[in-house]
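Shown next as structure tokens: one chain only, the form predicted on its own.
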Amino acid sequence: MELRHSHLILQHYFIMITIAAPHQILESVFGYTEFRHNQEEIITHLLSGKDAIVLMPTGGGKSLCYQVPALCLPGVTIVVSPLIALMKDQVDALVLSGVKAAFLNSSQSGGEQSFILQQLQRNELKLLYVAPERLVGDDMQFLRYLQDIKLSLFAIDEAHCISQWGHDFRPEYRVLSQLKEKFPAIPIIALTATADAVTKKDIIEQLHVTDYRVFENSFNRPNISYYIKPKRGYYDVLAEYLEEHKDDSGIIYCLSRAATEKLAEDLREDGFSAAAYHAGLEKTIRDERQDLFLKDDIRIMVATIAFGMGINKSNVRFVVHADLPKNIEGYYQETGRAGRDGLPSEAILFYGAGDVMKLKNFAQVDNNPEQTQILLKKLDKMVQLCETKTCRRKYLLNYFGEEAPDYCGSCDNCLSKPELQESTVVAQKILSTVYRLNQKFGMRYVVDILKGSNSEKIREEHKKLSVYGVGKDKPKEEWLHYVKELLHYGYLQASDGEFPVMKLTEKSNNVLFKAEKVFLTAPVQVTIAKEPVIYQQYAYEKELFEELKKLRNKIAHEENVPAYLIFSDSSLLDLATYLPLSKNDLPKISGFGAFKIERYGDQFLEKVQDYCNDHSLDTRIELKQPTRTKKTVTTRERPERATDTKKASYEMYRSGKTISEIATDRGLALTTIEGHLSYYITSGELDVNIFVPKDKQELIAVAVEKFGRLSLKLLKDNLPEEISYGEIRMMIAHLAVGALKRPER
């Protein structure tokens, strides 16, 4: 069904979404139950008739900040956008959600533009996207035209383009300063994902806003992991990485047009689905390749920075820089094109000193030493990011004026050089076990006692020790790591001989009897993840997820729109997780607004229903709760079933096996086994106290209250490092039954 064939549905539906409350618009049009970050505060501020300057990271939800008030207010919102691709993308997405939106730009015929202007005069549009040149061209003719139109709001996207201090200065944006002069009563919202303090100040001054507020969100993209690798011989490393991500979409940025052509050709010869994109190609070729990429028919786009601005493709899983970016703003914006759906993604940069010299030459601006110095300073900051030995994420956030911890756990520096963390409780457990064993046993036996192993080699008298089983909360490998750490730092020593035993030292006595604190390094892996792990509370049906993506792609080709505009990966993930079986369940699924339910609901429901019938699965829709209305799930109404695979893990655990041992024996991931056992915490058959110490329970409960339950990654990022994903998962299961309203302080 082509977009134009939906005209009757759209016309009927549009009547329902004219003037309404923000939450009603959010749910009925966009299919979300909650605003994110400070979106609601921004929208309320605009609806009061005041101006707003919004700094929000790529993928943070900037568009909703003006799209929702546009639908709440009478009249039309004028959106100033710098790129044709961005306009088309946004308008297509709005039309697919039942919103009357259009754009005006040079790609349209005179007849098309005339029709849109007629719609504008008849007050039939809610949003109109225009380029800055449209507003200021022909001696301000269009601005004068707008004075006879019922306007509700001006939204200026990519607002950093107005500042000469920004990384993407566009002189035509300067004329936007006249908006306040000609339309003093119309509120302005200026939005950008990349602005340092100087640029932010210049945006405010250039737009002449007076009654305004600045809204700043965290620039942190916790779902993106950052890696910087040596440039020399990078192709083999890149090819190996792409081989491991053959089913993923990604963008590779190069400095020159020739480099994009050469790299794309090399990748195609090695069997990868890749194409080049740069400003030197014919427009028809660029448009065709962009379209194929958006529809997932091309997996990898090898491009100059001419590609990507305003491309809202939500399922880009990686962004690679084969050459050094000119500045951190550009790097941040380009890496931000990964993981817009919030799922784990990666940013990899290949760094070599040769690129620095090239870019220094490019930074020279004729007859403008001030601009040259700005560009060179920004390049220097980019080089410092590549060469820093500290946390990359911290460096990025500090650059944008934001505080950050010294350790993020998801950049190469943090992964390869973890910092010392307080591990006093862990050390005391190990040292106490050595003490209770009379310093007569080796490392592995000590760990087996900690783990409560039922191995026949464990002496019966040792099973009665107070330390027996106190370490069930950690994998065996983790305990072995900490024993080696204690040896390294002199808290333990190993005896001589073929079978060394663990001995206490003077330092260990201070820990056991004088409350001395111990700082050790946590065990980490120093590899780029081969497959992104989707952190969430409940398991999803991977086979169904793939089937839903195929259906989405089929519809996208039929309607000739990018697949992610139909539904994002996160929406399909919700379907594959919560398995809705009736149309009444679909509003609970992220991204399913009323118009999309009417248009696509039956097709996607049919896929879910068939899958559940074929695999004898029940719906899990009762698990899908909006964060603002927490529902207590009692044991009697628990939605999950004790499946055979859960029972197998449970019985192995009851027999004395550790989670790590069960995972190894069954050939399953640790996270899967933790998910199995967390079911039995929900059912009341296992006690959360076995897995999670009381002090950690309190911290996790507070974090869940603040951030919700559906993103383990978000919770992990906002909790102390020593709290594991397994502990978070177990605690969430416990909280789900309402057995623990709040741990005692």
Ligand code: ADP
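Start at 1 with the first residue shown and count on from there. Please read all numbers here as calculations on a predicted model, not as lab measurements.
The same protein also exists as the form predicted in complex with the named molecule; that form is not shown, yet it is the one meant from here on.
Note on the interface: of 716-724, 30-38, 676-684, 691-699, the segment with non-hydrogen atoms within 4.5 angstroms of the named molecule in the predicted bound form is 30-38.
Of the residues Ser218, Thr505, Gln113, Asn312, just one reaches the named molecule in the predicted bound form with a heavy atom at 4.5 Å or closer; this is Asn312. Proximity to the named molecule in the predicted bound form, defined as a heavy atom within 4.5 Å, singles out one entry of Arg393, His160, Lys451, Arg340, which is Arg340. Heavy atoms of Leu64 reach within 4.5 Å of the named molecule in the predicted bound form, making it an interface residue.
In the predicted bound form, Gly60 approaches the named molecule with a heavy atom inside 4.5 Å. Among heavy atoms of Leu26, some come within 4.5 Å of the named molecule in the predicted bound form.
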